[in-house]
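So this first bit is one chain, no partners, the form predicted on its own, shown in structure tokens.
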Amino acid sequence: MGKVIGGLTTSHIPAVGNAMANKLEQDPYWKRFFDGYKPVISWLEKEKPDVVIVVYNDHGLNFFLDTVPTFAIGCADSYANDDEGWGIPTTASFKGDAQLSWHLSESLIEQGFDMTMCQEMKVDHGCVVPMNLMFRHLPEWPCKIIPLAVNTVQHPMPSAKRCYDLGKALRVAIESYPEDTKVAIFGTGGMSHQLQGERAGIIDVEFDLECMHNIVNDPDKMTALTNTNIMERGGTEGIEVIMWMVMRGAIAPNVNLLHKHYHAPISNTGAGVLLMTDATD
């Protein structure tokens, strides 16, 4: 059957994509940030997931403000990256797993989540930067992906609790898949940052570290936060941390924390990395 082998979190800042494209990993500004991913890269090389579900927010490549689904899942055999205007070179297309995607969609809808199914879907930096962070050293993408887009752009947005519950339902869906398939979940985005307005540039390190602790040890504390609570502390774009809750819901209540790293500022953002597996594994 399908199995969730672990989950991780990462920023998906476009500036990180440019840093990788320009090979700045050893630059003093970037080195500590990129060093924080080494244990995660090693874990992925060891575990070799068949499929990665990338939980991210679309930045206008598929959905503009006139049509924004709350939850959208890719149901295609491939996903192309396209130019968004950030100056990041486009990557090779990603292989999808349409059979698993349709299984997940059906199961999630049966469990009460009204998914938008996308048989054509382009992936932007929200998906591509995390994949490059983990696999850019390889000659080709080593696994299939399933993009899962969460609305963190247009109000009203789903709550941290709704995202956590989606993750729980996602685990049920994966484990009911009849094929032996190893699945890793990437929760992307965040942490605290704001790109506009009077508070542009805000970073709340204390809040970021508090979120990381609670996501690992007490996710119910995170689900108690309203979106307003999160944005008051972490900035308007800090709401992206709700996507980490999808990943957390897909992992067992008790987890083994294999790696934790935090760095700020990186491109006016707090950047956190978590790697966890079920405590029973």
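In case it trips you up, residue 1 is the first one in the sequence shown, and so on. Bear in mind the structure is a predicted one, so any value in this text is a computation, not a measurement.
The form predicted together with a small molecule exists for this protein as well; it is not shown, and the discussion that follows is about that form.
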item	value
In the model of the complex, segment of 67 to 75, 189 to 197, 156 to 164, 205 to 213 with a heavy atom within 4.5 Å of the small molecule	189 to 197
Interface membership of A271, the small molecule in the model of the complex, 4.5 Å heavy atom rule	no
H59, heavy atom within 4.5 angstroms of the small molecule in the model of the complex	yes
Any non-hydrogen atom of W86 within 4.5 angstroms of the small molecule in the model of the complex	yes
Contact flag, N22 vs the small molecule in the model of the complex, heavy atom cut 4.5 Å	no
